[in-house]
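As structure tokens, one chain now follows by itself in the form predicted alone.
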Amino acid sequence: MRLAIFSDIHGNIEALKEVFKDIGRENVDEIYCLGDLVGYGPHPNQVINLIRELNIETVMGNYDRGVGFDLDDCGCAYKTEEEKRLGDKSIKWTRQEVTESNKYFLRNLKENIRLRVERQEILLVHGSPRKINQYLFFNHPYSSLKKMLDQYEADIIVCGHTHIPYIRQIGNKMVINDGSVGKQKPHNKGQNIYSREAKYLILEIGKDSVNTSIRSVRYDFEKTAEKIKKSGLPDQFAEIIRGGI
């Protein structure tokens, strides 16, 4: 069985449409979303509407929770006062923009999704099984990830939230991050150049095999950046989309 798994669209409809086109060429059996449909990007309603229209089974992200429940805090981990200032502007703008019908949809997204494919127990989450906004980076302690896999009786955990994709083997089990469709982050500490491509995961489960592939999809990032600048969102978000900070 071939699964397409994506997350962290963050209101970037241009990226999401291109990801769906790519998924359409990949001959997948099922599609799942790990949340954060909204925030930072100029088209939160269009993203939600497309997910609803295609009936994509979706996990709630921390930004979905913040907007769906009209909270002042998105649950993000800001490192500086400037990041917090920009983040506060983003959630305020997004809360004002998202329709009540779409907020209701966000409030009712799933906490997680469990799948059994062949002999594999797969757990889909936004941040981690323990907390919606916990960051599971590639260098998360091996022992902690092993304990998490055992505790939640999973052979494979797929998460998002960090926006940085990876595939990590933990014994005969795996932890995978599917990256981000709509808001990239630098992959290396100190790096100030961002990817301009949308990322998502293809997970193929066979009778005796597990194959993974992180897909990179080009899209019209300049169109998204221009829409950000015209929307009233901070210009800095447009520069991230363009590939720099």
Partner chain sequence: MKNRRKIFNVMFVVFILITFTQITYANQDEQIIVVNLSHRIERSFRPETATINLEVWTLNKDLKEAYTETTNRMNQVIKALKSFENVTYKTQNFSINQRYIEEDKKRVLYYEVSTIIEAETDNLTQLGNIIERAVSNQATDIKGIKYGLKYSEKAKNQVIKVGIEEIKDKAEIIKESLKKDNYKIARLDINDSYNIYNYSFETTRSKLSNDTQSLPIPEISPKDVNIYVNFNVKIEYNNQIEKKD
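Everything numeric in this text was worked out from a predicted model, so none of it was measured. Numbering follows the first chain given and starts at 1.
Same protein, other form: the form predicted in complex with the partner chain, not shown, and the subject of what follows.
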item: The single option of N108, Q169, S143, T80 touching the partner chain in the predicted complex, heavy atom within 4.5 Å; value: Q169
item: Non-hydrogen atom contact I31 with the partner chain in the predicted complex at 4.5 angstroms; value: no
item: Partner proximity in the predicted complex: N27 to the partner chain, non-hydrogen atom cutoff 4.5 Å; value: no
item: Distance check, S216 to the partner chain in the predicted complex, heavy atom within 4.5 Å; value: yes
item: The partner chain contact at T212 in the predicted complex, heavy atom, 4.5 Å; value: yes
item: D73, D150 and V158 all contacting the partner chain in the predicted complex, non-hydrogen atom within 4.5 Å; value: no
item: Options 122 to 130, 99 to 107, 86 to 94, 169 to 177; stretch whose heavy atom lies within 4.5 Å of the partner chain in the predicted complex; value: 169 to 177
